[in-house]
Structure formats: structure tokens, C-alpha cells
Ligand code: BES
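To begin, one chain is listed below as C-alpha cells, in the form predicted alone.
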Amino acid sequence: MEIKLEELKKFKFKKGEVLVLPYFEKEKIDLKKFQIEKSFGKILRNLKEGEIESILTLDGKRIVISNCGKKENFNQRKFRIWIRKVLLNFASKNLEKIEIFLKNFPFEKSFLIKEAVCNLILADYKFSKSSEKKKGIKKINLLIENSKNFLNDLEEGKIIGEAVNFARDLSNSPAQDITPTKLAQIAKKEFKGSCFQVKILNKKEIDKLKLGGILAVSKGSSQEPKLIILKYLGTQKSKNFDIGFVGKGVTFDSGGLNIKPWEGMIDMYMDKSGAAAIFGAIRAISKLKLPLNIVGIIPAVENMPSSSSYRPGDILKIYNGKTVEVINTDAEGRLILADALSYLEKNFKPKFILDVATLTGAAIVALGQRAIALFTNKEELEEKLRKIGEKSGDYVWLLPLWEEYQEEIRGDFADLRNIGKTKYGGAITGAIFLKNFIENTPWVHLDIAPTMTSIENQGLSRGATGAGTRYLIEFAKNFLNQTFLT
């Protein structure tokens, strides 16, 4: 699908083409300009918010009018969903081209173009191994004034949309196709060039480093663990790392010996979605040429039940020396992240660390399926971090990291236990657990389990959403502002 900007003043509407026209209540549409009969005016005024009316003009042109409600109530969230649904409305039709009129929206034009392009690309995505040929629109023209001023926004929208879809491909790929070894191979294949350095640590090297969490979780699988170290060097002026990303890379999670019921296991090939978000974000950041040095750490494992699996009651020693009592082998993500976080902080010393993980079902219970659970050890940044979510489209909501919750994960025979003492507040106790493996570095934990998969009326195809990818990209852009950490 090709997306272009078209100058509104030069627009010529041809017979057989389709024009999408957003309509805001109490605003007039120039029926004469679009050659629509006056009798349609009453029909348009009776359109309810969210409804669409398709009109064939007198000279054989098709205009699709969409009621967007009241302009003062039309926010960025509504726009993202609206533009996706516009595309899906034509998804089953092999149209050569559609034109989308963008003049009337109450946003900055730069934001409007970037988000329109990004979300059209997200809506056009469908993961499928089927032999059936994909249908859809071949070309989309976005009609806007002074279009030449927004070519950079067009390109940025493409880069971000394609990066999210790259992450979705990784997340959606079944476990038979993406093992820890294959994930490491993808890193080497995709991240080539002078701005990248990729290093893969194998089981022997992981053992030598005493990464006890990664080793334990991987014990039940025939697939050996990998630690993927991905460096993006966006500036040659400094050898220091600005940001450290950590992504959960469980390529399949059966639950281990505490095996999941089949309903809970069916989509656990997506438990690598945190790793996918890191890959997607670094890919976009490199194409945007952001002058930052970023290191991404991906602990890649399979969590499987076998005679060699780690067991409830086992006591593990994590990289930073803290010990963990295993209460439940299905709380495996925090164990591999604990190793990765402490390894990252000690060896690379970034100014800021973010981890992304499908960590807990409890986050879904707390927030539903529309917001990522965000935790941070920098309370003064909470509002800025929330606004990054609003701007990126990866919406976040803050949950607490109060010291009182530490008691919930205090071990009887070790420093910590890997789940809380009660069934309540699991997203918080999971985050508190991870906090024990960060010393002094500013840190954000994104529990993306709530938004890992698409839901109805989002305008996205079934499967992975690429959750967290846009947030990391927007965070990196904000990080370039030197006042961010103050």
C-alpha cells in the first residue's frame, strides 16, 4: 500500500474514485463543491456519531462521509481509531485509490500526518500463513494544505508504523518458527551496519556469568537460552549509553511444572512481545537517526515442563547476588528480567532503563485491555511518562511501587520469593520484584500484558498489537530533550 500527500488546492476528483470526508456535527459541508445533491443534506444531518454514509455523486464519484461527532470532543485516541476504521471499511475491496480529506481535524498538522500514516499502516497489517491472496487498497492520498511542509512527518509515520508491524510479525510468529536461537539469528540479520553491534551469549557463557534466573527457566526445554545484546550507536561523540532497553523474550511459555490450563496457554507464543517491542523500537530509532546510544538486552528462553525443569522450592541466585525462592514456575518472566536488568545496569551503566514485558495477567485485571501498566522509581517523572503514552498511542497508566508491597515478596528461605503471598495486586508485586534488581538508575517497567493482543473496535487485525514499540520510540525522542530527567 502506497501512502502519499496531495496538495488540497490541486486536488481533482475523478470519476470512479473514492473520497473520504470527515463530518463534524454543527459544521456545514459544501454540498455544491463536492457535487452532492441538496436532498442529501438532511441525510447527513441525521447521521449519528460513528456512522458512515456512502454517496454517489451526479457525475459518478463516490464520497464516503463519516460523522466524527462534536469537534471539541474529538481527541487523539478517537482519531487513531477513526483512521484505522476508514481503511478497514475498504479492506475487502480491491480499490486502486482512495482520497482522505484531512483539513477539518482539530490537531497540529504535523501530528495529524504522522498519526494518519502510522495508523493506516497498522490497520493494513494482517498476519497470515494462508495461501489466500490479500485484498486491499493500493494507494491512499492524504489531502492537506501546504503538503510539502509535512514530508518529514509522512516519512516518520511510515517508519514507526512499519516498526510496529515488524514487532507484530515477531510476536505473532508461532513458537515452532521463533525459538531463542532463531530470535538471536533475527537480531544478527536485521541489525547490520556501522551503527549496530550485536552480541549473542550462549548457554555456556550465560552459565559463566552466573545468570541464575535465565539458566533455571530454560532448563526444561531442549532449546538452549540466549542472551541477545543489541547496541545502537547513534552518536560517535560518546561511548556512554543514554538508554537501556530490556525485553522479555520467552518464545513459548507453558508455565513449566506449574503448567497453564489450555485456555491460558494458547497464545503464549506471544510471550516474546517485550523482546519484539525492543527490536521494533531500535529499528525505528536507527531509521530516524536519533543521536543516542542505546543498548537492548533480550533474555531469550522457552519455559517448558520436563524431568529437567526447575521446580517450586528451588532457590536461585540472580546476577546481582540476590537469592530467589521459586514458588511458581509460571512466574518465570521476572526471573529472566532480573538477570537482564542487573547485568545491564552493572555492565553498561545507561542513564535510564526501561523494561518491556508481558509480565502479569493481574495487570489485565487491574486495567482492562486498553492501557499498559507503568511503574517507575522516579515519581517526579510520572506525569511526563503518562504524556509520552498519550502522544505515542501506547497509552499507559501508573500503578504504585510503595515500599509496603516489598513485604509481599519477602522470602522465607531466600531474599525474595517469585510471586506474592496473596492472590491480590500481582502486577504490583511483579514490578516490586524487578525493582530489587535496579540499584540507582532511573527505571520504568512496562507491563504490556493488557494490550498485547487486539480487541474489538480498535481497527486492528486479530493478534499482536506491537505494544510498547511506539512508547519506546517516543521516549527516546523525548530523552533528547536535556531537561527530561530534571
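The first residue of the shown sequence is 1; numbering continues from there. Please read all numbers here as calculations on a predicted model, not as lab measurements.
The next section is about a form of this same protein that is not shown, the form predicted in complex with the named molecule.
*Asks:* Quick one: does Leu434 come within 4.5 Å of the named molecule in the predicted complex, counting heavy atoms only?
*Replies:* Leu434: no, not in contact with the named molecule in the predicted complex.
*Asks:* Find out whether any non-hydrogen atom of Thr251 is located within 4.5 angstroms of the named molecule in the predicted complex, and reply yes or no.
*Replies:* No, no contact at 4.5 Å.
*Asks:* State yes or no: in the predicted complex, is some non-hydrogen atom of Asp330 no more than 4.5 angstroms from a non-hydrogen atom of the named molecule?
*Replies:* Output for Asp330 is yes: heavy atoms within 4.5 Å of the named molecule.
*Asks:* Arg168 near the named molecule in the predicted complex, any heavy atom under 4.5 Å?
*Replies:* Contact check for Arg168: no, nothing within 4.5 Å of the named molecule in the predicted complex.
*Asks:* Within 4.5 angstroms, counting heavy atoms, which one of the listed stretches 447-455, 59-67, 434-442, 46-54 is next to the named molecule in the predicted complex?
*Replies:* Stretch 447-455 is the one.
*Asks:* Though the named molecule is not shown, can you say which of Ile259, Ile364, Leu290, Leu398 has a heavy atom within 4.5 Å of it in the predicted complex?
*Replies:* Only one listed residue qualifies here, and that residue is Ile364.
*Asks:* Which one of Asp271, Asp394, Asp355, Asp339 is close to the named molecule in the predicted complex, taking close to mean a heavy atom within 4.5 Å?
*Replies:* When the named molecule is considered in the predicted complex, the option within 4.5 Å is Asp271.
*Asks:* Mind listing which residues of 400-431 have a heavy atom within 4.5 Å of the named molecule in the predicted complex?
*Replies:* Stretch hits: a single one, Ile419.
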